[in-house]
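Next up: a single chain in structure tokens, the form predicted alone.
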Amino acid sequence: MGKKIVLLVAVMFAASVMGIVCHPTAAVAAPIELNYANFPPAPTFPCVQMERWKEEVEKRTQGAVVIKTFPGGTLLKAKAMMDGVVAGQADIGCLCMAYQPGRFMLTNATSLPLGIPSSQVGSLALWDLYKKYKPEAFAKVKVLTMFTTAPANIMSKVPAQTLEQIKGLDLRASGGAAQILKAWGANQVGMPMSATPEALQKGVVQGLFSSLEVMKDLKFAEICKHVTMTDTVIYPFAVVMNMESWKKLPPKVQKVMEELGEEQAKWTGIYMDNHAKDAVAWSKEKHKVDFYQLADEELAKWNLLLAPITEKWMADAKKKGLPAKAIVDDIKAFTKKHATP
């Protein structure tokens, strides 16, 4: 009997070993790897929001997705971002729509002088605008989120506190902001923000028209000792994904990214507004930058020159078959909705 038991145990052990060999434990699925391209340097707000989005996606998918980020134009440059994502050179890309005003005419309407008071309000109004109209310009990609800068102000090497002082001044700007500078009599010089530090140092431009976080992020406070507060216009951004890369994602992962759309817009707006305030305080304390607030009478003169910009955009948009008045009215309504406490 003892020998039979020993033999039976031996047979069962051998069978179990064979079972392990023939039926190994199911392999754990490898994470989905995605590349995310961005054009400005890593410390700037478009890249800070990129890193936050990456962390949230990885956390909420419990590691099912791993995202590798490429700031500073290391994978795709600013103006090549949209086409690069469409072509699959990157799975995801962040682009500034103001760099291609004709291509993104509908969403760039948020760059008109319509009184958007902050990045948070602008980001949520832009997201609402996109969701309502779903512009044809984004038909070949999956839009993951949108956001805007804080309102633009003039940063310059010399004072630009009157229309006489700003006339003929070479200032960097793009998109809707460029039209505003022209209306004020400045010489608008178009270039990506990443090229602006060198342009300032070489004297190609005497300043720039942008949101104030760059005073700290790109160290413009070291060169531009004068800031004229206009709080006039925002720059819109979009985060887009290659359509084939999107379609390959499991439904659960797609759901996570969908749910992050508006949340990410709001988070970026709040971060941007706070960061701009910090940059102002830092510039005053560390570099003694002069921040000049236009008197009401002077500001009224500046604003009067901007009315034709919106009128021209509406005329051009109407020619292209866009419901121009409805778009402008919607931006104003979305702004009011999100600016209301």
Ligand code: 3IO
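Residue numbers run from 1 along the displayed sequence. Just so it is clear, the model here is predicted, and its values are computed rather than measured.
The same protein has a further form, the form predicted together with this ligand, not shown here; the description that follows concerns it.
- Only one of 313, 53, 39, 36 comes within 4.5 Å of this ligand in the predicted complex through a heavy atom, and that residue is 39.
- Out of the listed residues 193, 82, 171, 180, 193 is the one that sits within 4.5 Å of this ligand in the predicted complex by at least one heavy atom.
- The closest heavy atom approach of residue 44 to this ligand in the predicted complex falls within 4.5 Å.
- Interface membership of residue 111, defined by any non-hydrogen atom within 4.5 Å of this ligand in the predicted complex, is ruled out.
- By the criterion of a heavy atom within 4.5 Å, residue 210 is counted among the residues contacting this ligand in the predicted complex.
- The closest heavy atom approach of residue 127 to this ligand in the predicted complex falls outside 4.5 Å.
- Picking from 245 to 253, 129 to 137, 69 to 77, 213 to 221 the stretch near this ligand in the predicted complex, with a 4.5 Å limit on heavy atoms, gives 213 to 221.
- In this stretch, 117 to 152, the one residue having a heavy atom within 4.5 Å of this ligand in the predicted complex is 149; the partner itself is omitted from this view.
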